[in-house]
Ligand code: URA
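To begin, one chain is listed below as structure tokens, in the form predicted on its own.
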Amino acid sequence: MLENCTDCPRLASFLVEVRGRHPDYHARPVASFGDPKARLLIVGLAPGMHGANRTGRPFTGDHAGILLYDTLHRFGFSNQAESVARDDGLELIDCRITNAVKCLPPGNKPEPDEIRGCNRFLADELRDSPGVGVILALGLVAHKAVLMAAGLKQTAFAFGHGARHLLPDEKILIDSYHCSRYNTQTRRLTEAGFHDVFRAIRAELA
């Protein structure tokens, strides 16, 4: 069961340490969130220390969620533009959010074996989501995790912001730079650029 998973020793011991310092934090593996029949699946990197690791819901309560949830609301994928807590009333519409790695990694940098070890959860999600037509990968790690979960060669699908990939099962994989604080503050990812990605997603779903 995901919430009780301790398969990655480094991550499991780090979460024990975090729970000691922040006893009110979720500080466990974070499950996906949203519409179980969604056509759009968004894959991020991993829970943030004071975001999903604290709240127990992907991208909730941290800087990365500011642009993501505002954009989801703007494009009709959520009922409100801000996500601050699990009980804030936010609901996703035709959309679900998950992460390549379900546990908070030290320094927000999961190791390759941790990405591989956690990939079975993403593979299960893809297999059990026949309605998903578009997958949005936020960043290179998420992009590679989706390909791994689908059993596809990494070299066949190059990551690029705004890139569109037709997968063998007819799903569409779309790439975007991650909406992290670093990427938005350095303008590597702008609001306009992120909105362009979602316009492409809406066009695919239409």
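Quick note: we count residues from 1 along the sequence shown, nothing fancier. This structure is a prediction, so every number in the text was calculated from the model and none was measured.
There is another form of this protein, the form predicted together with the named molecule, and it is not shown here; the text below is about that form.
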| query | finding |
| --- | --- |
| Triplet 134, 176 and 204 all within 4.5 Å of the named molecule in the predicted bound form via a heavy atom | no |
| Candidate stretches 32 to 40, 55 to 63, 143 to 151, 159 to 167 - the one whose heavy atoms come within 4.5 Å of the named molecule in the predicted bound form | 55 to 63 |
| In the predicted bound form, residue 99 touching the named molecule (heavy atom, 4.5 Å) | yes |
| Residue 46, heavy atom within 4.5 angstroms of the named molecule in the predicted bound form | yes |
